[in-house]
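Read the single chain below, which is given as structure tokens and is the form predicted on its own.
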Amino acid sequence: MAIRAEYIWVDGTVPTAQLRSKTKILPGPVKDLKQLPEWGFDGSSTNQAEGHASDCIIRPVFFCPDPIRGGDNILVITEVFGADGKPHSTNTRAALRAVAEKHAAQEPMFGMEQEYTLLAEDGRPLGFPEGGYPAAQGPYYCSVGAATAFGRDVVEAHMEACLQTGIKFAGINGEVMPGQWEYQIGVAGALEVGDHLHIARWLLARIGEDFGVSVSLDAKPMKGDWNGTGCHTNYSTKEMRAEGGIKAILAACEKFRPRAELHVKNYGYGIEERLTGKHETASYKDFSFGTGNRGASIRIPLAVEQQGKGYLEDRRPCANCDPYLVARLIIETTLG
């Protein structure tokens, strides 16, 4: 029986990479990655090659059920390779794979909190009136009701689809700005969290098509006194999760300090507009950490301090960050 496999990859668009996909018809059902062949695409149309040598290769690395098409159809995350068989320069997953394998004994684990903004056809965030602004921030976070929660039908459809895939989808909530929402992925391994986040990102964009709604991962979708949009990243190692792990957590926080500028430069486009020291952020110019402090670069949850073990939260990554790059930098900084 023929199935449809949606091959998904990350393109080379600058400053913010986009997801691309196309459909391959294969004999099914697919039970193993070995059943999924490599494929190709025109890299000159995705900012990944020149027209005179445009062939790029996509190699399957993860697949799950396709909740849109149903049946035995699947969604496939792929890595991009050049004609020479080497990882493409845009293939940040390959670099993470090497780092994750090197530090596998420490069992680094991640959770990512993906914020996003739903936009109407004219580009306004849902809940923003034409030619004006809604009431000030305050009542929208985790809200319920037609006057404060906008786009819930899209959010619910997305959550249901993600649950059907079997990815590690952990929850949703309304965020601080109208039309702004969040979903969480994890707890998952370094490669796994990025694969699952990209499946969820693709599904959100695809479901948005059915509702006539676009999805923005812009770090500061509305200028002025409105919250930006982030991808807070939770992280722990085997040592951090063990008894007395708070010592390893504090040591890791100190390791972030001398590499703070490197992280900020690689945590997403528009980060300077979002990390201002206001709206629950630390300034991109500074580095800080503290217990329960949402105005710090790194937050140690209160429960973690009380239990003496657990995880830390890097609050700096933007909504449009590359999850593979974020995970690699965090592992290299804390374990390298």
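When you see a residue number, it is the position in the sequence shown, counting from 1. Since the model is a prediction, treat every value here as computed from it, not as a measurement.
What follows is about the form predicted together with a small molecule, which we do not show.
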Counting only non-hydrogen atoms, choose the one of 110-118, 204-212, 129-137, 91-99 that falls within 4.5 Å of the small molecule in the predicted bound form. 110-118
Could you spot which one of 241, 255, 152, 124 gets a heavy atom to within 4.5 Å of the small molecule in the predicted bound form? 241
Taking 4.5 Å between heavy atoms as the contact cutoff, choose which of 231, 77, 185, 80 touches the small molecule in the predicted bound form. 185
If the criterion is a non-hydrogen atom within 4.5 angstroms, does every one of 170, 236 and 311 touch the small molecule in the predicted bound form? yes
Can you tell me if residue 59 lies within 4.5 angstroms of the small molecule in the predicted bound form, counting non-hydrogen atoms only? no
Indicate whether the small molecule has at least one heavy atom within 4.5 Å of a heavy atom of residue 294 in the predicted bound form. yes
